[in-house]
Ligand code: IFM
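We begin with a single chain expressed as structure tokens, specifically the form predicted alone.
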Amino acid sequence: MKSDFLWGCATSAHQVEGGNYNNDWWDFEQRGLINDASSSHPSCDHYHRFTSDVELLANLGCNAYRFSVEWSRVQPAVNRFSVNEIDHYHRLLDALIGRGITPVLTLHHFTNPMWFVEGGGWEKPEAVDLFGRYVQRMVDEYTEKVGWWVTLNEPNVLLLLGFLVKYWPPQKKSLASLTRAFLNLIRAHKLAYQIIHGSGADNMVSIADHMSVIDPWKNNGLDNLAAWIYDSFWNQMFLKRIVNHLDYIGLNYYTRQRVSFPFRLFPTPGKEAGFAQWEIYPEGLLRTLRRLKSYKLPVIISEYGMPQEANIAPEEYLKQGINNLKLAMNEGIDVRGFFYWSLLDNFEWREGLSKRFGLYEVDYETQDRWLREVGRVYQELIRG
């Protein structure tokens, strides 16, 4: 690995901070829609414990940290930004930089301020300009401290679960709504890209794109067609429309999907991960990186991991993933970094606190943290 390779961990604000009371996911939670009835507050209380959590990150040997700014904190009302909350993220950035850790800042990681949602959310034409105002303020504040930016996290997941299957906010099942949100998210990324590069800084900008290997269940015409259509929607539809507004590709990789006609998705029997219909398929990381080579852009693996409850030890999944990463780099694929999901156990969206992805185990009652075996393995892999 090159000396400037980014070894990191990833988190998102709502999942780890606690106290985010002004966004659509808190509203979703208050309506009793979290599967295990747990709460995002205080979760890991990372908002108050970020200094010691940065030390945990440094103890792993990480030289990078991907985190998100909570939009509803820094802009609690449409015409008001909070200086106190903006300063909070300045303190986090200073703590990272003080330990020689490169910040990778995500601007939107699923959550939306309630004032934005109540105005129509991502379906409304004005959504793009509203997001742009937020991005402009964040760039004005943080551009001297941040060189790597993620505008949107997994827009395909947001669209599928929020606008097609009613599993996440805003719980719609409408192709018209999905289309409006899809087009606005594309415009929002492009606008954010222009704003960030307009700062005059030498910035690297992308999305964090959730990509899966999509294979047909059987090698026949109907299954092949279903897999091609699903792959076009899941892996290509967003990325191809923004490729001229990317400096690198942020890749979130977890699994493979097998597809049978008409669009039945399932893992290969015997290889189920035991989480969210995922399949244990670390070799898919190499397949996906090979596919991304055609874009002729650097790649950051912005998320990769497996929960403790899976039918494979997370440390084994990690080791196999790193082996596939090295194979890709030996083939000349320009990978610049690897970020494990996640530094800490956290609030796993609708699944709640029951799913644990952390390198560090968190006792949510005492807020104690313990390094897991997967964390020790990651330390060793980073050291080489």
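Residue indices: 1-based, along the sequence shown. If you're wondering where the values come from, they're calculated on a predicted model, not measured in any experiment.
Another form exists, predicted in complex with the named molecule; not displayed. Remarks below refer to it.
Participant: If we take heavy atoms and a 4.5 Å cut-off, which stretch out of 109-117, 241-249, 228-236, 73-81 is in contact with the named molecule in the predicted complex?
Facilitator: Contact criterion met by 109-117 only.
Participant: Looking at the partner-bound form in the predicted complex, is E154 within 4.5 Å of the named molecule by any heavy atom?
Facilitator: Because a heavy atom of E154 falls inside 4.5 Å of the named molecule in the predicted complex, the answer is yes.
Participant: Answer for Q15 alone: is it within 4.5 Å of the named molecule in the predicted complex, judged on heavy atom distances?
Facilitator: Result yes; Q15 sits at the interface with the named molecule in the predicted complex.
Participant: Answer for E348 alone: is it within 4.5 Å of the named molecule in the predicted complex, judged on heavy atom distances?
Facilitator: Answer yes; at least one heavy atom of E348 falls within 4.5 Å of the named molecule in the predicted complex.
Participant: Contact between F357 and the named molecule in the predicted complex at 4.5 Å, heavy atoms?
Facilitator: Close contact exists here: in the predicted complex, F357 approaches the named molecule to within 4.5 Å, heavy atoms only.
Participant: So the named molecule isn't shown here. In the predicted complex, which residue out of F182, W217, Y134, Y254 has a non-hydrogen atom within 4.5 Å of it?
Facilitator: It is Y254 that has a heavy atom within 4.5 Å of the partner.
Participant: Just to confirm, with a 4.5 Å cut-off on non-hydrogen atoms, which of W26, Y47, Y317, W341 contacts the named molecule in the predicted complex?
Facilitator: Exactly one listed residue reaches within 4.5 Å, namely W341.
Participant: Across 283-308, which residues bring a heavy atom to within 4.5 Å of the named molecule in the predicted complex?
Facilitator: Stretch hits: a single one, E303.
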